[in-house]
Each structure stands twice: as structure tokens, then as C-alpha cells.
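The chain below stands alone and is given as C-alpha cells, in the form predicted on its own.
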């Protein structure tokens, strides 16, 4: 990358978006130079906050001509370093592209800009009786555009699918400055290559998303939420697969190891979850639908089933307040556990029947490599979040001991038929491990796609692969 004349770059950006939306002070560059990935910070030369696709196009044209790196950033809630400006240049924030453009009730669609907070979007469509299911734990702060970049999931993914299952069409700005729509606002589309789905999950390396068209479904009328304690962590993992084999499809099925539960409950000041010395983990099981009698019948059957796997006395959330408190504990787990020193998070996913083997392997690796891990996550689709604490180590990037132990973890995941990221993406910190999952032929195809979209390698360079 060329040496950047910071003053000239700042003036060029001001001419595009206005002086008020170009930030060059140290505090702003630091605030925009980190996300929730470990303790990593990289400073851009300049932070730019455009408002329109046309402004973004002009930014990309200028930077493409000069060879200046551009890193798109949403709310900064990422956990793989995908929005870190590791090569300086321009940090392009989408926080001003924050309007819901249209809710189309006739066609069950919503058109939105990328800087809308996910929960704000969900609440807006819910007010019209509609449902956008993907709900990452950071939904109260993350942007829908970031969800597109990472193909986010969340607890509801087990029944309703992930972000890519709801994206119909995208308006994007290419690294060359060209503005295009990737598809059509239709439910079926077999017209050429699927550029829409190529952009979803591409982590801001191929294009900058400026508008999003999502499909919606009717909002379910009822839900039932229950908490099931287990004295054995692996048995809790076995129970997950048993629920689906018995013919049930919960709207959410989360596993929370007891250490994670205690840490989070203490941080949020909650006593809603009963904790005794013999409890190793809890399953959070949610059912939803339009007939309460059916949900209660299924809940009773699941409760009986779980008794065979060591499930203890069930706790039913009786009202909306108790449900909200239970979900608050689950959704704030990452924040609380990181604050407790578990700064390294991995986002593994395996076939759900292999969860017990993964949990057992994580504990064995912890003993071997001298780290402590707590596990929680979306057990219903085999997506286990593993938070790691090791004395004297705050970050995994370039730490030889952590690199060795994480390679062992990811090799275990692959051996179990899984992969190294379920919803957080590869970004920066998972990049060194892509060779575990992909051959050089596969990586070569990915690099070739990157070159077609971004021949000068200016858009979020250094992410996913070199």
C-alpha cells in the first residue's frame, strides 16, 4: 500500500461528505479502530461517515485511484476483527445510513439501509405483525449491515435460518465506485449467478452494502420458554440431538455452561436462574407457534424426554418479564465473560450430534495447553461459542502458544465434521487457520473472486486470506 498523505486524504474526504463527517482526531480514530475482538486496536488515517450511496461511490473512486485501503464498519460489535482497519487508510462508517426505507406489508418485505440497529428493524416490522427472525445476541446494538457481512444467526436460527435465508436483494457499491443491485425483490430467482448470496457473508471484502431487501414472515402468536438444568455437561449436549430426533423443532435451543451462567447472572444482578453445586449446565428451550395448546403439549413431551438424559427440574418462565430476564442473561453472556478475563472467543460449529465430543475435546485441550474455557451458544444448530482465558494472554493473534492450541481445537472441529466459524466470520483472527478447512484450490477460487471485484485490493484488505 502507498504512503498516505493524511492531510490531503482528509481534505478529499471532506469535499465528498462535508467537514463535519470526517474525523481525524486520535479519540475518534481509536473509537472506530476497534471492535469486540479480543483487545485489538488499529488506527485508520481518517474516519469517514457518508450518508448516501453516491458519497460512498465517490469515496471508492478516489481511494481506488490512489490505492488507499477502505475498511467498512458497522456498529463495531464484530468478534473476528473483520472491521479493523489493519492497513490504515479510510475507515468507512455506515452509521449514518440508518433509515428503514419501506415496509411492504403486501409482499412481506422490508427495505432498509445498513446502519439500522437489528432490534430496531425487528420492532418496526413486529408493530405490523411481521417477523424478521435472525437475532444475534448483540441485536440491541449491532447493525443489519454487519449481519449481512457476517451472515449472522442467533438463537432463532435453529428453526428459522440465518441472515442469508432472508436476503432477497442488495444495493452495493463496488471498489471501483460502481453502484449496482445484485438481484431482484422476488422469492425465486434463477437468473444468472447469485451475486446476492455471494455478498452475504463476504465480510465487507467485495462491496459496500448500501440497501438491503429482506423477506419477512408473520409473527408467531405465542411462545413457551423453559430452562432445564443438567448435572453433566456432555449429557446436556446429548440431549440436544435427542430433541430433534424425537421430532421437535424448538424456535431456540441454547446451552449455557454453569460458569458462564454464574458470571453473567452476577454481572446483570439476576437471580432468576436457580444455581446449585451439582448443576453443570442449562439448556434454554423455546417453542413458538400459533396454538398455545400445541406448545404446552410439546413442552411437556420434551421435559419427559430430557429426564432420560439427566435433566433436572424444569423452570418455566411464567410471564414476559421472566422471559426477558432469561434472554438477557443469555444475550449478555459474551460481554460478561469477556469482562471476567475470557478475552478469546471461538465460534465453532459441528453437526449437533457431535456436540458432546466437541465439549469433551475442549476441556481436554484446556488441560493440555493450560487454558480455561467456558462454553455456551446455539446448541440447536451445533454452534458452540468457546470463551478462553489463559494467564498472561489477552489475545490470540500472533501468540505462539494460543496459535498452537487453537490449531488443535480447529483440527478437532474438522475431524468432527464441523467448521471453524458458524456466524462470527473469519476476519483477521481466524485467517491463519483457513488452511485447516480449505485446500489451496479452494482458497485460490476465493482469491480469484476477490480480484474480480477488487482488482487493486483496497476494500478491507488482509481479511479472510492474504
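Numbering follows the first chain given and starts at 1. Everything quoted here is computed from the prediction, not taken from an experiment.
There is another form of the same protein, the form predicted in complex with a small molecule; it is not shown, and what comes next is about it.
Using a 4.5 angstroms limit between non-hydrogen atoms, residue 380 is distant from the small molecule in the model of the complex. Taking the partner from the other structure, the small molecule in the model of the complex has no heavy atom within 4.5 Å of any heavy atom of residue 257.
At a distance threshold of 4.5 angstroms between non-hydrogen atoms, residue 334 is in contact with the small molecule in the model of the complex.
Proximity of residue 154 to the small molecule in the model of the complex: non-hydrogen atoms within 4.5 Å are present. Listed residues 112, 348, 94, 264 were compared with the small molecule in the model of the complex; 94 is the one with a heavy atom within 4.5 Å.
Screening 228, 375, 142, 170 for any heavy atom within 4.5 Å of the small molecule in the model of the complex leaves a single hit, 142.
Per the 4.5 Å heavy atom criterion, the small molecule in the model of the complex is contacted by stretch 72-80, the sole one of 312-320, 358-366, 72-80, 286-294.
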